[in-house]
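Before any questions on how it binds or moves, here is one chain, the form predicted on its own, in structure tokens.
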């Protein structure tokens, strides 16, 4: 039986989403587990949240992370939502293995929700067990925290804990629970749920909740719902551009996995590119490449159109006027995305001043990578070693030269001459340029094969690889050294992970 509320967090949670009408969620407590054991505690995030970081009792924390105990003030709920999954509308989904405990204000005054993922069945589990296996929990911990370190908006992971129980997937696997932190867990699919039921009162309440918590500057605007749509269009355009710039493939960009905070959420079959190929698909359930790397901006735009449809009654009482305003907002997505993406390509190429022809220069570099099977991350990182002031002096530019990464070694030189000529038009100094490039082209990403190796080891009780990877990924722009140097290396052909799975 779940124990009474605990003050082990050192903070009292607020109800937050649970203040909305009860048709927004179901009240459900986590299902107790037999052997809670703390696996990882994110001290940096805990400090950011104002949680107790000194004299921690791992046993008490394990009880909280697994849901055997609840933090003081928690009102445990599972939220309901709908969603378009691979383009098909499902009128009711919901938190089938996650329970929202409540929220608090972090040290910067921002609202942050705390949710337990893998904490047992809910009324929305649809015959599932409500549990999570150790592997997906560790994957989400590593990738979500890596995304944060890369400067990409994301949900965060506060902690992971083992349950001491097995979950049955293709085989019996050790169970675990993830403590996830987000600005909000409201999704486009949450709005879709109430729009499908023509529940105008619920849409009003939901829109008001999101605006007051995340976008208070829009509350008194002439059209708050339109402002919400426009803001999310801007945030999603920027978010997906950032994904593309680091080679991230989300894998399941359904509307129920699209946060209205503009944060990356739900790290299921996600992965990062090794060899650059814009058609790359990792997810085992994405059989037709709907969410391939290159299709992600199109998927985001489509999801935003579904969001706009839910907001029409709130934008304007005149249906045609509402549709016209929503379409005008949606029409800006492509230019917003392309502008943000090109700005990121410029930074990755060491270009500070926008000039005509930069898009072609970046596109031709990517085409070279694709034609030669070059590793996306290593190739961009290596460009700082081929800057004009360093290319002639190998001693001043140790490391891999980009030309060495291409199967056709001579193919790099013509492009490099164009790039060097473009760099000659830049006002920045050589040192500043190299430093700036190394601050936007990561040396380290959560490599698919390294994550899998860490998971396999952890399933056998060895968490050393997970710990080493988590610590290294916290500093993605620093060259890993010593025993961690090989974490930056691309996989050998036999190590490549070509398929990833949701874990449910």
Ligand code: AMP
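Numbering follows the first chain given and starts at 1. The structure displayed is predicted, hence computed values, not measured ones.
This next part talks about the form predicted in complex with this ligand, which is not shown.
Heavy atoms within 4.5 Å of this ligand in the predicted complex map, among the stretches 147-155, 310-318, 124-132, 377-385, onto 124-132 alone. The closest heavy atom approach of residue 93 to this ligand in the predicted complex falls within 4.5 Å. Using a 4.5 Å cutoff between non-hydrogen atoms, residue 263 does not count as a contact of this ligand in the predicted complex.
Among residues of the shown chain, residue 274 is not one whose heavy atoms approach this ligand to within 4.5 Å in the predicted complex. When contacts are judged by a 4.5 Å heavy atom cut-off, residue 282 does not count as touching this ligand in the predicted complex. Just one of 257, 236, 184, 242 comes within 4.5 Å of this ligand in the predicted complex, counting any heavy atom, and that one is 257. 85 is the sole member of 85, 372, 166, 339 with a non-hydrogen atom lying within 4.5 angstroms of this ligand in the predicted complex. Along 59-83, a non-hydrogen atom within 4.5 Å of this ligand in the predicted complex is carried only by 81.
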